[in-house]
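In the form predicted on its own, a lone chain appears below as structure tokens.
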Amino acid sequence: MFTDARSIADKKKITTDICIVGAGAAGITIAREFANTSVKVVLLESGGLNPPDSKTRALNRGKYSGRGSNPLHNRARIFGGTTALWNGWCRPLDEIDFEQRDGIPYSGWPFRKQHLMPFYKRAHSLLGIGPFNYQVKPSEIQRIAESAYLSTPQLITTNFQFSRPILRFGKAFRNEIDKAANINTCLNANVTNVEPGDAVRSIHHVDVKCLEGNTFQVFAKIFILAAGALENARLLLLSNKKQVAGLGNQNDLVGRFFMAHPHVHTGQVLLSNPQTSLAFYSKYNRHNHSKIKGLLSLSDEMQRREKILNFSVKLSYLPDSTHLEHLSNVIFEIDGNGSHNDQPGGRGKPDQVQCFSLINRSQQLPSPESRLTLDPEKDSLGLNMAKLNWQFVPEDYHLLKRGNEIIAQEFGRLGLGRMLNSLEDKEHWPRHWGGGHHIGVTRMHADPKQGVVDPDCMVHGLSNLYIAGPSVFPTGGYANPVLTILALSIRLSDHIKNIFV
């Protein structure tokens, strides 16, 4: 059932088995795993069923420094969370994203991709997308069967699938959550403190406050923070009554290693033959009733050899013939050996030229200096606002630069076309944005000196506090995180079910 927390009596105490903070993709997925069982669940959501009012939106305010767009804006306090903003892009992380790699500091998950595969497949079913296939070829799609398909030792083709219609969790699962007799969803409920017991070995209760002023407490056997990466970290830092640095922060790791997926326009490709089709990469296509999009990426061998992280490129068709004619006069060719040829040659008439812009989405190297802390300024609930410093390291720039060089070389070597690289000097990066993906600020590691949560997503040192969502990712790959969020949430649910057996 749904309860408007503003109607709950002031200073009331609520007791349950599981308390979940946040009703986004992770929180709703976990709640559904316990729906209509004997396990009582309280689901706490800061927003309501409708788009938030200005007072609720203001709770997302904070201070930001760093390059690119402000990640603090990419949050939604509403039942369903940021799935209300999601564009439906789905794919798992790659095997190499889970590896602890030589020359890549802070890389590695505590398990391999194969461990997550059963949960990835259950997440696929939840999203209602097609078969678990991310190696589709144009030959399998009749309308674009003649499209070029790149597969070399350096460059590979992969694809995203799309949730269609886009699964807005707040609408898709509203009735199911409402009708589950064992789930009490409290809307307009803001958790202000996570309170441990006297020995600080487990959580005793959470304090909740409504903007209208009434407060209450929720006592539970198990607590799960699923409020989005930034808010998960902020809540741990705010809960500092018994541990001055905040919960789970005995090694100064909470809030560190913030990552996103930089999206950067890095160049244009001019095809040598205007008749060459790149429809697999430039168009959205359908395969087995799923909408898919082809992308270019670096092979595992190339990533290991170059000691760079994962990286992908989306091609977008540029129809402006005036721009194309200019581009064909200035573009250079890079052949398979990396040599440059400044002769324009073979550009044809403007209406025959095919040109594509390159949009990169890349993985970031985890950096402890990229972090969220608390600002002295407080919000309307009396809580310190978040202060986010999203930082890049030289390796992030090198990944983009080297990745684009490899693409240019392969296009030239294969005789497909030439590339104009518009990536600027690293001191003057082109404008970029982060895709709204917040990753890593409560990272997972078996060693409490290297991570905030253990491989079961339990906060080190607190036996009944778990964290769900992308904040636990040790590395982020380049894939949109939703599918991995769901897989980890289902995995966490199975772990907690064993506690109640």
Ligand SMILES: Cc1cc2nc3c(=O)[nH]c(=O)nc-3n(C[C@H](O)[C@H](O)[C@H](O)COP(=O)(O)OP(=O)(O)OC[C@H]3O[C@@H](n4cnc5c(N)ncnc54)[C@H](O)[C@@H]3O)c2cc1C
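As the structure is a prediction and not an experimental result, all values here were calculated from the model. For every residue, the number given is its place in the sequence shown, counted from 1.
If you look for the form predicted together with this ligand, you will not find it shown, but the lines that follow are about it.
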* Structure fact -> Heavy atom within 4.5 Å of this ligand in the predicted bound form, from candidates G403, G248, G228, G255, belongs to G228
* Asked: With this ligand left out of view, which of F392, F98, W86, F411 would have a heavy atom within 4.5 Å of it in the predicted bound form?
  -> W86
* Given that the partner is absent here, state which listed stretch (457 to 465, 444 to 452, 62 to 70, 23 to 31) has heavy atoms within 4.5 Å of this ligand in the predicted bound form. => 23 to 31
* To do: Evaluate G476 for contact with this ligand in the predicted bound form, applying a 4.5 angstroms cut-off between non-hydrogen atoms, and reply yes or no.
  => no
* Asked: Does this ligand come within 4.5 Å of any heavy atom of G294 in the predicted bound form?
  -> no
* To do: May I ask you to state whether V482 is within 4.5 Å of this ligand in the predicted bound form, using heavy atom distances?
  => yes
* Please check if L235 has a heavy atom lying within 4.5 Å of any heavy atom of this ligand in the predicted bound form. => yes
* Asked: What are the residues of 31 to 64, in order along the chain, with a heavy atom within 4.5 Å of this ligand in the predicted bound form?
  -> L44, E45, S46, G47
